[in-house]
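A lone chain, given as structure tokens: the form predicted alone.
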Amino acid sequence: MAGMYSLLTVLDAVDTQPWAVALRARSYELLGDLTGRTVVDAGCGPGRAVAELAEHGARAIGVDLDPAMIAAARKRWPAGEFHVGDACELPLETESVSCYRADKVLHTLDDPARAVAEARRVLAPGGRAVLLGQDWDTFVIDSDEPEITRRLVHAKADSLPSPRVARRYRNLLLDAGFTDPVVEVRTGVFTDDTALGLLHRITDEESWLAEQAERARTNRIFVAVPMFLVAAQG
């Protein structure tokens, strides 16, 4: 069961959802004209955004701390440029990129402010940064057991280094010296087996998951996840 709901499997399922495709496209729009520009995607995972940024005419560089993710990215997108590296210590020269993007990564960091400061370091003057991701306390899940659901969601949030960082994106960018932040919120809605995959990433409590599995079987599962998107000028 754990293999069925591995991180890579869940990422693939989420990334192909229409709302997720639209969210990535919006993040690219907020970076501006990408033709001939160098873009770093910090925490690139299996590399889909790097490939899409290249299709927009950018020189896209993917960086991820997980060697397995970088290996998957290189296999899937052999023309891409990928590096194993820390979002807080990017393997890039100062002021060497035009755009910076971090998608669903800052919540995994003990000190997200360091990563945003690092984004500021690698960006050339006038560069653009975009942060996007979920606030782990704001998952909306239909359940016959709302109290248990709240407990499980908060327990998962509390197990992460920075679960509520998405609500801080705007202030983190301002504190790092970025200007003119633009804030948007889009909501991902899951009503199929992808929802069950997400819930298996939240908890392994069998009785609660059994109810959700029955909801999935009878087309009654519902999970909504607000996604926070903030862009700013360097």
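Residue indices: 1-based, along the sequence shown. Not measured: the values here are computed from a predicted model.
Not on display, but discussed next: the form predicted in complex with a small molecule.
K.L.:
Let me know the one among 156, 121, 104, 76 whose heavy atoms come within 4.5 Å of the small molecule in the model of the complex, would you?
P.N.:
The residue in contact is 104.
K.L.:
Using a 4.5 Å cut on heavy atoms, which of 92, 152, 87, 141 is close to the small molecule in the model of the complex?
P.N.:
Selected residue: 87.
K.L.:
Among 29-37, 203-211, 179-187, 62-70, which stretch has residues whose heavy atoms lie within 4.5 Å of the small molecule in the model of the complex?
P.N.:
That would be 62-70.
K.L.:
Report yes if any heavy atom of residue 44 sits within 4.5 Å of a heavy atom of the small molecule in the model of the complex; otherwise report no.
P.N.:
Output for residue 44 is yes: heavy atoms within 4.5 Å of the small molecule.
K.L.:
Do residue 11 and the small molecule come within 4.5 Å of each other in the model of the complex, heavy atoms counted?
P.N.:
Residue 11: yes, in contact with the small molecule in the model of the complex.
K.L.:
Taking the small molecule as it sits in the model of the complex, is residue 109 near enough to touch it, meaning that at least one heavy atom pair lies within 4.5 angstroms?
P.N.:
Judged by the heavy-atom cut-off of 4.5 Å, residue 109 is in contact with the small molecule in the model of the complex.
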